[in-house]
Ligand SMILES: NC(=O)C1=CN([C@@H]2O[C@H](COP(=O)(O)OP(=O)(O)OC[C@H]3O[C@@H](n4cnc5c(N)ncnc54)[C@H](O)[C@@H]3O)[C@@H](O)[C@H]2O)C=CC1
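Okay, so here's just one chain, in structure tokens, the form predicted on its own.
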């Protein structure tokens, strides 16, 4: 099938590459000409404007947005709106707030799928985990592309109506915060505790059969291998926080206690004071591991 892709950052380029590798066609557009050129080198059909992008798509348009959450999504939808009708499908693969996705689904002329996307740049090889909300027929229509972009048929699922995909992804991120905090605290105690331990070795042993083995723990092992047991120059500063904040707010509204996620969020904000907590330094490096986010470092 033919897919139009708007937003060619790291994640967008991965969507392009995996979709093309599965034998589909991709029309690619971005405000950055170099990003469009990169997608073209991969095999996508480049578009030099939004008008050109729309013209290259068939009568039933299948469009995937991989633009930053917030205003950029609304601006893009506003520009696309005159070219969309009820037979078209738009996928928002970014980290949008779920209530924004509900609003957009109600106002968009096309069927709107909110697609929570997890896996980070590692998804280039393995594929993503996709949590999709929106009409069943639209999900079914995009299933060949979801199969390509995800780890396979088991790597994506329709969660429910509009907003449910980004809702599930929001809470996924809250769980991620808590897991990072737990690993950080455990390794901080090992680092400051009674024995002179090689934390790479500890993580390696735990990753081989222990109850707490996981991909995040593999990334802890990578961090200690590349930075050293004391994490070298990695700073006590953990960026991000929006999806965790949304998760905590939802917990308050639903009267569901979230002490672990709330504490992890508080620790993340507390890291902005840079008081040297080892656990937060590890969380900082873990964000590079799964998302290739820049690692703030201390002088």
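Values in this document were obtained by computation on a predicted structure and should not be read as measured data. Residue numbers count along the first chain shown, from 1.
The protein also exists as the form predicted in complex with this ligand; that form is not presented, and the subsequent description refers to it.
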{"query": "Residue 29: touches this ligand in the predicted complex, heavy atom cutoff 4.5 angstroms", "finding": "yes"}
{"query": "Residue 69, heavy atom within 4.5 angstroms of this ligand in the predicted complex", "finding": "yes"}
{"query": "Partner proximity in the predicted complex: residue 8 to this ligand, non-hydrogen atom cutoff 4.5 Å", "finding": "yes"}
{"query": "Interface membership of residue 186, this ligand in the predicted complex, 4.5 Å heavy atom rule", "finding": "no"}
{"query": "Heavy atom within 4.5 Å of this ligand in the predicted complex - residue from 155, 121, 228, 161", "finding": "121"}
{"query": "Heavy atom contact within 4.5 Å of this ligand in the predicted complex, the stretch among 52-60, 248-256, 228-236, 31-39", "finding": "31-39"}
